[in-house]
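Single chain ahead, by itself, as structure tokens, in the form predicted on its own.
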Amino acid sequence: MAEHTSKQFDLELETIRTRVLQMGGLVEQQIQSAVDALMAADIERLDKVVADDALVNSLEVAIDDDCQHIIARRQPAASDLRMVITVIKTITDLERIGDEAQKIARQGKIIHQSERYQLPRFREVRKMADVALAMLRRALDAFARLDATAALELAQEDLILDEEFSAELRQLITFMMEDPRTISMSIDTLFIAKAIERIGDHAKNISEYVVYLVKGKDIRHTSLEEIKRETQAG
């Protein structure tokens, strides 16, 4: 009986891990669709991104419910408890990433349905989105493979994304100062760029949860040098 219970417990843990990756895949698709539709002025696809956010939300609720049941029934300890905690934290960040994808889609609709002096150039937005998507994929891959070294890599990638956002902000401010007619367009574009920058922050959070899961160490709110020491520790 004990052996059967142990195997069932392993299955339950593996199931919630699998569902996290399923949710991550859906969120990745949401970001890609939002950016592609923004670039193509595809209002119908933007609407779908907005509507599909409900699927992300429902997955978060379902996985969280599974975790609560595991805690109540199994009373996990040590690495098992860290796994459940990591899953709960990760799905929260994934849900928030889904919210940011929805923001991109909503803002895209505002831009393309409004009569503007000029439409914004989304080249830099696409560049930022590519970095953010790569970060999310690497964070989810680290979760799947329990790769603790991902935290350092993602922290460095997040700095790159932050720099891209700052550059975009400076450019938009220049546009607004040179031609007040671009103010509305620039503000809308800034909202989109900020949403993408936040996606990178959430991806970094997920990678840090992986370090907690594997090593039992909380590396949040630490410098790159401290993160490097933690990931290189035995």
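All residue numbers refer to positions in the sequence shown, first residue = 1. Keep in mind the model is a prediction, meaning the values are calculated, not measured.
Below, we turn to the form predicted together with another copy of the chain, even though it does not appear here.
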What stretch, of 140 to 148, 88 to 96, 124 to 132, 154 to 162, brings heavy atoms to within 4.5 Å of another copy of the chain in the model of the complex? 88 to 96
The unique member of Ile183, Ile43, Met39, Ala167 whose heavy atoms fall within 4.5 Å of another copy of the chain in the model of the complex: Ile183
Would you please decide whether Asp66 lies within 4.5 angstroms of another copy of the chain in the model of the complex, comparing each non-hydrogen atom pair? no
Could you confirm whether Ala51 comes within 4.5 Å of another copy of the chain in the model of the complex, counting heavy atoms only? no
Just to confirm, Asn205 within 4.5 Å of another copy of the chain in the model of the complex by heavy atoms? yes
Check whether Gln29 has any heavy atom within 4.5 Å of a heavy atom of another copy of the chain in the model of the complex, and answer yes or no. no
Looking in the model of the complex, the residues of 55 to 72 with a heavy atom no more than 4.5 Å from another copy of the chain, listed in order, are Asn57, Glu60, Val61, Asp64, Gln68, Ile71, Ala72
